[in-house]
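A single chain, nothing else alongside it, follows as structure tokens in the form predicted alone.
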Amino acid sequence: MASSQKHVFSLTGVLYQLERLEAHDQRSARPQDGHQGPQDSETDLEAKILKLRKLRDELRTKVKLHEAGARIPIANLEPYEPLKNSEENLKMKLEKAKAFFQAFHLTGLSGKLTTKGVCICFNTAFEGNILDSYYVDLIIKKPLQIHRHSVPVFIPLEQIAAKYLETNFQHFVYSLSEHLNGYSGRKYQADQLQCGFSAFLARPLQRNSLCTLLSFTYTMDPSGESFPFCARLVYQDLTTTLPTDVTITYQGTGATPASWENQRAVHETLFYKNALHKVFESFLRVRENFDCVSSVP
């Protein structure tokens, strides 16, 4: 408990320092002696303030989670005893469970007590879009047991449970949440590409059940006059929504166009750093700008 309090105090100290820095930057950004600073300097200060605010909000969230976790550790949830629980004990367990799930609410987790334990609901999301929800129904006794669940069969639930369920329950919850959010995020991107940008696809998108391997052939020109690209995206980390390996090859029978290598390198970087549908949104903007320029007499 002392270590948790110490960590919380250190975080609040960092928050104080960040607020001081933000206030200093705001004062620096004001015009002094009737003269305004260069525009570039103001832009830098605004960007720095936004960055500090984002970091401050993240640290505040961590403080709340640490405070709640320190008050109500999951180990305090007593084993299920159907014949010995008095009404007072049941109320105490209910309050503990509510506090525990409130601590995780900011991460998209919620739960409720059942007759034999607790049911945890994992609400997945990507870029602010609410996606699928999954549940895990646990029996609280020694050892903890998974009674039933709706987690897809290709998510390594058994391995995660064997590693963390008994030894570190909070890590079990976080790890499973990361796997589910990673899968939902990858699936969402693939669906967006297939439904929203089918005009770019020369062939249907191919993907495996976990959406850790995506392959597709696309062109920059819907008329098919431009040379095609064949992309292969691999997600080795099951908790990530960005590929760990990108391979783009030339899909054609003729010689490789002179400008192909430059475009290939640019596209590869885009796929590494951006969500899949965001890359094709940028392709669409390039095409629209080109069409506007071409239509000008």
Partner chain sequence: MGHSSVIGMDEIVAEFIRRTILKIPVAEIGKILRIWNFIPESQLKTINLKQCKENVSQDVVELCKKKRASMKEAAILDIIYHQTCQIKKIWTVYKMTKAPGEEVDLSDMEEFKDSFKKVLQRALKNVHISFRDSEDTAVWIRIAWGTPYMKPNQYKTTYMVYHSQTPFVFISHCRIKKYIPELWQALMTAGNYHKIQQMELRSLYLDSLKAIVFKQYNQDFQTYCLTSLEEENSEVEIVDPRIIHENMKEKERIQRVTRETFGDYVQPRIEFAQYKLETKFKTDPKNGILAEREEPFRCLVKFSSPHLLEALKSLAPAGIADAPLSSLLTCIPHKAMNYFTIREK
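Keep in mind that what you see is a predicted model, and the values were worked out from it rather than measured. Numbering follows the first chain given and starts at 1.
The discussion below concerns the form predicted together with the partner chain, not included here.
**Student:** Is the partner chain in the model of the complex near all of I160, A231 and T247, within 4.5 Å of a heavy atom of each?
**Tutor:** The answer is no; none of I160, A231 and T247 reaches the partner chain.
**Student:** Examine C195 and determine whether its closest non-hydrogen atom to the partner chain in the model of the complex is within 4.5 angstroms.
**Tutor:** Answer no; every heavy atom of C195 is more than 4.5 Å from the partner chain in the model of the complex.
**Student:** Using a 4.5 Å heavy atom cut-off, state whether L210 contacts the partner chain in the model of the complex.
**Tutor:** Flag for L210 set to yes.
**Student:** Looking in the model of the complex, any heavy atom of T114 within 4.5 Å of the partner chain?
**Tutor:** T114: yes, in contact with the partner chain in the model of the complex.
**Student:** Does any heavy atom of F227 come within 4.5 Å of a heavy atom of the partner chain in the model of the complex?
**Tutor:** Flag for F227 set to no.
**Student:** Heavy atom within 4.5 Å of the partner chain in the model of the complex: which residues of 131-164 meet that condition, in order?
**Tutor:** Y135, D137, H147, R148, H149, S150, V153, F154, P156, Q159 sit within 4.5 Å of the partner.
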